[in-house]
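Given next, in structure tokens, is a single chain: the form predicted on its own.
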């Protein structure tokens, strides 16, 4: 890792806790502390805390904020009211994906977009270029805002010990910006990227270490574990959640990625709408599917998927699943091979290894 990486406000905490630091799109972040499988299981069984301060936050404020956001996103901003969060892709004109993000509505003239760290600068430029005719201010707040995520079945019990409002009142994909953790004012939302219940805490960048310390102390009796990027990926993978650059990209549109539920082709025109309507009319040619390996071997991104010697798709993500204890992959395949229970071969290095297609997600949490 080079000495020039950007550091989150928790960099020193990661070092103190023994985090193994790596370069993640120019940020110095921990890939693990005690081990990926151990941290993964902590989140599934108890709770884990993640530093996600590298994520980008872009504010859209002004009298035209609603029509501007509505033009930008593929989902429908009419679903939003104050205090609600919406997941959506934003698309290029040809239907390919610029990024997938969360939209927080603070008011009809005030929205916060939470974008992927790797795409933040590209997104900011795209938004400014495409919303130039609207009366809005577009502000990159990423370096002013720190962000933590606490995930797992004990997340609510732990955070409630240090948060001054009733967390049970924050429903899924909602947020409150009136509470505080200890003395620190913050916005708390309930979304998550692990397949478990959990919360995101947005705060002033300089307040992040203080909030982290309070939550770590509150989580001592619950087995709260600090978690790195490694298990963040294995957790989202098991839950069938897309990762930009894998299941979504400029070359993979949201309909191919199984995200039709987050694309509203009935609403007024948005960027990419016409191209996606054409995809629907012609029929989606490729689909995302789960693959469970029958032979021993881990499928990795880029490995070809074959049937009878013919390449029918590519692995987009793959790993050993710590929860299911199986080697699994997500693949983008020709539509006719996207039904469950079809036998396929994955070319792992020079060997063809058997697998079968399965429905996503691989893992669903048991609701309490």
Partner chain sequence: MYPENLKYTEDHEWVRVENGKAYIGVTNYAQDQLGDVVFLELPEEGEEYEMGESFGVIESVKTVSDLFMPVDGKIAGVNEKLNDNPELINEDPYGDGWVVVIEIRDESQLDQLMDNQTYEKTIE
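Numbering follows the first chain given and starts at 1. Just so it is clear, the model here is predicted, and its values are computed rather than measured.
If you look for the form predicted together with the partner chain, you will not find it shown, but the lines that follow are about it.
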- Query: Which single stretch, out of 44-52, 335-343, 57-65, 31-39, brings residue heavy atoms within 4.5 Å of the partner chain in the model of the complex?
  - Reply: 31-39
- Would you please decide whether residue 296 lies within 4.5 angstroms of the partner chain in the model of the complex, comparing each non-hydrogen atom pair? yes
- 4.5 Å heavy atom contact, residue 233 and the partner chain in the model of the complex: yes
- Report yes if any heavy atom of residue 317 sits within 4.5 Å of a heavy atom of the partner chain in the model of the complex; otherwise report no. no
- Message: Residue-level question: is residue 13 within 4.5 Å of the partner chain in the model of the complex, judged on heavy atoms?
- Response: no
- Message: Pick out the residues of 11-26 whose heavy atoms come within 4.5 Å of the partner chain in the model of the complex.
- Response: 20
